[in-house]
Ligand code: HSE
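Only one chain is given next, in structure tokens, and it is the form predicted on its own.
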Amino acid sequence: MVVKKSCTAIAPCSTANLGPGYDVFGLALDALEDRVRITKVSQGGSGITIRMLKNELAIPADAEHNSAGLVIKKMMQDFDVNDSLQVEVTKGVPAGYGIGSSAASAAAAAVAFNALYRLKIDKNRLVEYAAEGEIASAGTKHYDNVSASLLGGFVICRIAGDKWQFTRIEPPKDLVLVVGVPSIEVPKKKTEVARSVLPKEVPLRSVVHNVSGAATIVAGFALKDVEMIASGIDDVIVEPARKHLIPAYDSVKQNALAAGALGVTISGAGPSMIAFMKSKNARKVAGAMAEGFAQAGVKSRTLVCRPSQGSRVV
């Protein structure tokens, strides 16, 4: 096995669900990114030493509880790598806000390890390795954020039998997004909390409504039609159950729509919210979303962004 001494990869943040596409849709965003550098320190030992940079929420630096560490550990096991590795994770994506923080670290780790050892793993399998990292934050593997962060663009996650399939669609070039990130304290196991409030049973008419919306979103991406994408972003199952977890949800959504957003929804499990539009209204929408949070006494930051092309080696 040919190996370089070190390799660095970058992976972007992402949004998941896009309203009705719960656990199925992911979209990479070029707003923020994580950087993972893996260095081969010595041969033998199979040790992973992790150094966390810009680690505002004190993400654990041990391999068993770190997104990048879990990915690298699994890949080392599967490919019989017996080296001591130093892993440097530079956090650019804040943890716990629904924009794929753990997924960005996990995707960057998978891409960096693959390049370091020149494994030539196909991208579908790389996504599966990256999903190992979600165990650290969510307790189980999830594919929507990691697939988008690794592959870029808009991704549909589907399981066929015992195999996961990831279909990537290039987004419209005129799609612009605004993410409103509230400055609030989030629980350490935020994803678990957000999942715990979901209904166990839903009316059939609600399922039909969400399926039609999800189909419309896919058609919109395929046809490169921003208005069609936004028209499908109307979730009547998950979002109503989670909205109470987000301060000023109603005012943020109403403000964004009034300012020209074509569609607004919760980003992933929240508490961030994301608006879809064409470019001309982006700054106005960003200000309106910030004002919506301010109405509830919550400070926030807004990110005006476009879809990202995904992870890359640098």
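Predicted model only: the values in this text are computed from it and were never measured. All residue numbers are counted from 1 along the displayed sequence.
There is also a form predicted in complex with the named molecule; it is not shown, and the following applies to it.
Requested in this report: Considering the named molecule in the model of the complex, find the one stretch among 125-133, 226-234, 79-87, 142-150 with heavy atoms no farther than 4.5 Å from it.
Outcome: Selected range: 142-150.
Requested in this report: Work out which of R168, H209, K73, R242 lies within 4.5 Å of the named molecule in the model of the complex, going by heavy atoms.
Outcome: Contact with the named molecule in the model of the complex is made by R242 alone.
Report task. Using a 4.5 Å heavy atom cut-off, state whether C13 contacts the named molecule in the model of the complex. Result -> Heavy-atom contact with the named molecule at 4.5 Å: absent for C13.
Query raised in the report: Should A269 be counted as a contact of the named molecule in the model of the complex, where contact means heavy atoms within 4.5 Å?
Result: Looking in the model of the complex, residue contacts with the named molecule include A269, since a heavy atom lies within 4.5 Å.
**Report entry** Contact of T191 with the named molecule in the model of the complex (heavy atom, 4.5 Å)
**Finding:** Yes, T191 is a contact residue.
Query - Sequence-ordered list of residues in 7-36 near the named molecule in the model of the complex, where near means a heavy atom within 4.5 Å - result: A16, N17, Y22, D23 sit within 4.5 Å of the partner.
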